[in-house]
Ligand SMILES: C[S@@+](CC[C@H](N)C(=O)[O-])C[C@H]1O[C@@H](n2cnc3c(N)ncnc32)[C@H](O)[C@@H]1O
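A single chain, nothing else alongside it, follows as structure tokens in the form predicted alone.
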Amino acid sequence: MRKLYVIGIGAGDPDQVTVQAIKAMRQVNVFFMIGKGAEKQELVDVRSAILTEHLRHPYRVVEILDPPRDRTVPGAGADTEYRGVVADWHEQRSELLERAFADTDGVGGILVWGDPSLYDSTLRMIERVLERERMHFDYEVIPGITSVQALAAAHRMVLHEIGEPVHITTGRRLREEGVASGQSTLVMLDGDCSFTQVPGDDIYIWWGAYLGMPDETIVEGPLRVVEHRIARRRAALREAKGWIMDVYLLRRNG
């Protein structure tokens, strides 16, 4: 039976690739990379550099162009519509992956930024492919270091207070739900600097962009003091590179 490895490769630093991931990559002869156009070519280049550094056997890279997604769907009050848009996008991605995998022989591999379990659609794509029953294969998931762990390491912090939970959410949800007392809130997928819309003068923020990469940038401080500095810095970085990946932790004092 065919096999596909889904391999977490960390948040950007090639040194974050685990020994387990390297062993899995050495079993693969066809790697599928979902590209996001010229603006995010750097994300493909990092994956290619990892393969060059760790592999000595012959392999091929099949690049799949990521289908466009409607990002104009509003957040609050439109959760059903938002989920529908994302589901359609996942369906398109799964069709492209199925087509590419069907046209190749041997063991396949997908290098996932961070870890496949956290805000990544790869496993959902694979499930959709298998549900259609047009092709059959086994797959194995290799965990990776997430941007959450990279953020904590960069700021030399623990993600939670003693005995308290960590809430992982998105920028859209943060705008709707805010920051609860007695827990730390980790925010991902925030393209709108939603922290500027969170009320309260008792919130501290730890922010990081391009974690693990040469352009890594971090800022921390009382939210009301540093929020506009972070927003300006984020905008400048995005303008310079054409893309940005950032994550941050919010916690109420006391």
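Numbers follow the displayed sequence, beginning with 1. What you see is a predicted model; the values in this text were computed from it and never measured.
The discussion below concerns the form predicted in complex with the named molecule, not included here.
Peer 1: Between I203, I50, I34, A209, only one gets a heavy atom within 4.5 angstroms of the named molecule in the predicted complex; which residue is that?
Peer 2: When the named molecule is considered in the predicted complex, the option within 4.5 Å is A209.
Peer 1: In the predicted complex, which of 140-148, 160-168, 96-104, 176-184 comes within 4.5 Å of the named molecule (heavy atoms)?
Peer 2: Of the options, only 140-148 has residues within 4.5 Å of the partner.
Peer 1: Is it true that A152, V219 and L250, all three, sit within 4.5 Å of the named molecule in the predicted complex, judged by heavy atoms?
Peer 2: Not a single residue of the candidate spot has a heavy atom within 4.5 Å of the named molecule in the predicted complex.
Peer 1: How about L118: is it within 4.5 Å of the named molecule in the predicted complex, going by heavy atoms?
Peer 2: Yes, contact at 4.5 Å.
Peer 1: Using the partner position in the predicted complex, report whether G109 sits within 4.5 Å of the named molecule, counting heavy atoms only.
Peer 2: G109: no, not in contact with the named molecule in the predicted complex.
Peer 1: Although the named molecule is absent from this view, report whether L189 comes within 4.5 Å of it in the predicted complex, heavy atoms only.
Peer 2: Contact with the named molecule, yes.
Peer 1: Given that the named molecule is not shown alongside this chain, does M245 nevertheless sit within 4.5 Å of it in the predicted complex, heavy atom to heavy atom?
Peer 2: Contact with the named molecule, yes.
Peer 1: What residues, if any, in 8-30 have a non-hydrogen atom within 4.5 angstroms of the named molecule in the predicted complex?
Peer 2: Residue within 4.5 Å: A11 only.
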